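One chain is shown next in structure tokens, namely the form predicted on its own.
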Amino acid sequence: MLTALVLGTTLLAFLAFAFPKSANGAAKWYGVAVALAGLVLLELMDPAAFPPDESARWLSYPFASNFHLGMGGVSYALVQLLATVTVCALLATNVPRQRNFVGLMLLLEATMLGLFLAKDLLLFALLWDAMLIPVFLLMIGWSVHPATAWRYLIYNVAGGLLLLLGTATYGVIYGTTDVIGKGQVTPISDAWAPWILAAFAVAFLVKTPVFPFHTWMPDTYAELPSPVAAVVSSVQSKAGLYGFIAIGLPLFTAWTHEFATVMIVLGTIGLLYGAVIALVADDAKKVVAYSSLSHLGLILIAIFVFNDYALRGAVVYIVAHGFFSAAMFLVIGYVETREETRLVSRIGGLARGSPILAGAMAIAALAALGLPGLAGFAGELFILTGVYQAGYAWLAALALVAIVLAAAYMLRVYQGFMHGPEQADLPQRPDLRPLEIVAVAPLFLALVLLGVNPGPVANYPDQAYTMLAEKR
């Protein structure tokens, strides 16, 4: 089933390119149908009894490697997030050359499905680089400045090469890379473990991104078409955090403790720096980009305080951030389409003629600032509880400062867009159309359901959870 999901999505993505150039509408609905079928298949899976692993040997020398797919609790949460956001992004798509756009979006989904389901380090590393290709092609094909596109590619390819080098080193030394979800195959020697982990960690930090490896991110998120930005910010950026949880903690248990102080410091800097920049940025997409830097810094802290509650909160917040980040990008995209600008200082008074648009942005902004009852609050509560239990009361206090700043910058964007002074030179604003409402409604529903009952995501069985729970 898992192989069919990944390879089937890949094949169906290539079939999208076969649509006639004039069949933009048909290509869009084809993409929605393919993504929706994947989502339905995932929803039919039972979290208490995941499908059996599927494995086939594809390399025996210089080390053993398998095309090995399997599912754990964290990967299940992420592929559900990916499938949901992809459906919503394709529903919201309104760009030229939709045939090519849809094909690349489905290829992006296929590579990320494979990444989150990979149980072999080599397969994981190859898909890590493969998922850059559709994003880069989407960037150069849909009006992203070439410098921004190449910066995205260079940063992430550099991280990917380190990941591949670390994977090859691991395989040569220990004889196999088929180790994700199995714990250490053999005790990792002190001589090689820190170097392999360091290579993995840099790749994960670049992808997330975490300060100071974040400089490719603000312009990328701002210039990407909103549906692509929604997928990249909400799901692709989680690949690094997933790597720390699924690979770093189980395979390098002792050495992750040695790296913990560095990771906590980087996470704290990103947490506060991102919040402060988001507070003053005028470009609404860059506000969301820098807010992501802040939120993802909090998740990195949660992973490296080595507390069961904090780690479960990290996973809940990963999913929550995915939903509200995607919602914010899609709603801002709707505003930009109508106003031909996304600058907070240039837009005002939208709520007077577009009450549904105002309501949609309000829900997304309230989720991002951590309103109780929505998913963001649930994740933050888990994380703060775990960070405090781990003995980092001062860190929990700093996180609260960043959360207060989140309320300030999200409300600033909402207030400016919806209730600021009207600009006489901007066009008449139509409200959200039915299809636009349908595109964001599943994200809002997920934010409410996860906010009211985060237990299912926090309690999915996973090796990383078990490992930390046993040490409590």
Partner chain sequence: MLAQPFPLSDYAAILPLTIVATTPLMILLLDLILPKGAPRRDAAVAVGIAGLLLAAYVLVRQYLAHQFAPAFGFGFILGGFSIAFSLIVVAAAIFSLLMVLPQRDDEKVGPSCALMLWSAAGAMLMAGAGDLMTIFLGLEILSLALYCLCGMVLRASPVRLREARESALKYLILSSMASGFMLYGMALLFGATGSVNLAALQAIPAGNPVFAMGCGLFMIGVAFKLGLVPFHVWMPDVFEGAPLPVTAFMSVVTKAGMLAVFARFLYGVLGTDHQALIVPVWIVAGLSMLVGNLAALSQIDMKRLLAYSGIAQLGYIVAALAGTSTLGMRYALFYLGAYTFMNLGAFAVVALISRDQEEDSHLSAFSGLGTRHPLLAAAMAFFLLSLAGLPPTAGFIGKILILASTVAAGYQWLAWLLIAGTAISVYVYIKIVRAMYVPVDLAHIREIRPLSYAPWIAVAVCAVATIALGIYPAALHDVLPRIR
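All figures in this text were calculated on a predicted structure; none of them were measured in a lab. Numbering follows the first chain given and starts at 1.
Same protein, other form: the form predicted together with its partner chain, not shown, and the subject of what follows.
Between 139-147, 292-300, 79-87, 217-225, the stretch whose residues reach within 4.5 angstroms of its partner chain in the predicted complex through a non-hydrogen atom is 139-147. This chain lacks the partner; the member of Ile180, Leu162, Met71, Leu350 within 4.5 angstroms of its partner chain in the predicted complex by a non-hydrogen atom is Leu162. Checked against its partner chain in the predicted complex, the residues Leu366, Leu357, Leu122, Leu91 give one hit for a heavy atom within 4.5 Å, which is Leu122.
Judged against its partner chain in the predicted complex with a 4.5 angstroms heavy atom cut-off, the residues Ile133, Ala168 and Trp192 are in contact without exception. Interface membership of Arg97, defined by any non-hydrogen atom within 4.5 Å of its partner chain in the predicted complex, is confirmed. Taking the partner from the other structure, its partner chain in the predicted complex has no heavy atom within 4.5 Å of any heavy atom of Glu336.
When its partner chain is considered in the predicted complex, Ala239 lies well away from it, no heavy atom lying within 4.5 Å. With a 4.5 Å cutoff on heavy atoms, Asp282 does not count as touching its partner chain in the predicted complex; it lies far away.
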